[in-house]
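Only one chain is given next, in structure tokens, and it is the form predicted on its own.
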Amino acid sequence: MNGAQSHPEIRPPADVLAILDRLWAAGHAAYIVGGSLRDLLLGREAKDWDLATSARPEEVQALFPGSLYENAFGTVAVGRDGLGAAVAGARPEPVQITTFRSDHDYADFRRPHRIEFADRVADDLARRDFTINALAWGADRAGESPRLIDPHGGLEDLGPRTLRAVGDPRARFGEDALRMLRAVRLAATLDGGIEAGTLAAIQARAHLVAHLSGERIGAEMERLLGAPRPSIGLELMASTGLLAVISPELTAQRGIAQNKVPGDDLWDHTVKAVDAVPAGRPAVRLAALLHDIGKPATIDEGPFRGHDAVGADLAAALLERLRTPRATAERVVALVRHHMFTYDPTWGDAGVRRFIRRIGRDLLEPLFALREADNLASGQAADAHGLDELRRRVREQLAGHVVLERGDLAVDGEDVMAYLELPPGPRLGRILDELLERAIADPAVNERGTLLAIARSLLENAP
């Protein structure tokens, strides 16, 4: 049923109610809107709370001292201090309060060039992206019983978790191309689907995503990869053409046969690998998405010979386009580069230590998690190819505090220079590297006197 209706199950947190009460008492209409209300109705935890009001930004600021007028779109952020007396359950994150508005003159496929403040919540809901986000709960003034406003049939779509654009979907996506990425992301995070007309509009207007900034695309991709089953959104991205705009390299995986799961192509393998990574490991999920990005370019090389190295370069370029934070990008690229590691049970302990050194302590567990997901997506057991045994042996070596890098040696460069009366330079570096290699091969030599004696021998016998 559209229009206003009661909904007794809606129980907002105390601090949000306190803000509504203050707005109502001052004679303003005020409503909970957007994703916070959607999640509340779905029984999900709402993390960010958004309110809409007839009050103008300066009036909101006057009611909530210390609040911050955030942008030109009428949004004021009210933090815990803005409520005055302490409110039970008040959160540290600010509540966003935006004046009712209507948007006009979208020209960059992202934000309106002109807005007009409005007095009715219905005008504000008409500008929103999807019906399930075009709901409001609140009242126009103090003394009214709060009610649910649903002018676009959002409640009907909320049951099956269907994404349906408000009004003409082609117009909505022409106004803001990011809405198309938000649609596939919400389909994944809500485990839902996209209504046929809305889906067709995404297919028709997917090319507009090229106008979005890398930061915006990257942020939506990050949220999508945090969904319980990212494959829902990834498959929608591929089938609608969004993926082709964002990453032609990933799109090229479609249709490439693999000798793994019967009937699966390379793209099927990739999305299964992403799903197989636990949601709490975002960098590993991103690495799973990119781990075989180099295969299409190396299809004639063996096939796929060297796809790990080629993939690392392609992954680095894509992550740079998406403005991924450097630390995350470097970690993901390293995982892609090393994901083809092999283990031989005949390795001695020194071989395990060399493996640890080559990969790096901090990358080991993420790399093993990536290999588990790769195995599962290939139709194998998670611990195939001796993965559990390698894990056990790695843990044993790390527990023994073995030598893995120069900093683990019982001597440093200053010690060697003083003992050998050797200046800094390439010779010193070569000697330290050889000392490290010998200590990795035999930890017993990692003793100051022994290492200095070896250093003397290396210097005297150097060519």
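Residues carry their position along the shown sequence, with the first being 1. All figures in this text were calculated on a predicted structure; none of them were measured in a lab.
Same protein, other form: the form predicted together with adenosine-5'-triphosphate, not shown, and the subject of what follows.
Figure note: of the listed segments 227-235, 389-397, 183-191, 291-299, the one touching adenosine-5'-triphosphate in the predicted complex, with heavy atoms no more than 4.5 Å away, is 183-191. Although the partner is absent from the chain shown here, 34, 50 and 179 each have a heavy atom within 4.5 Å of adenosine-5'-triphosphate in the predicted complex.
Residue 129 is the only one of 129, 268, 150, 308 with a heavy atom lying within 4.5 Å of adenosine-5'-triphosphate in the predicted complex. Scanning 240, 133, 324, 198 against adenosine-5'-triphosphate in the predicted complex with a 4.5 Å heavy atom cut-off leaves one residue, 133. By the criterion of a heavy atom within 4.5 Å, residue 39 is counted among the residues contacting adenosine-5'-triphosphate in the predicted complex. The closest heavy atom approach of residue 170 to adenosine-5'-triphosphate in the predicted complex falls outside 4.5 Å. Among heavy atoms of residue 223, some come within 4.5 Å of adenosine-5'-triphosphate in the predicted complex.
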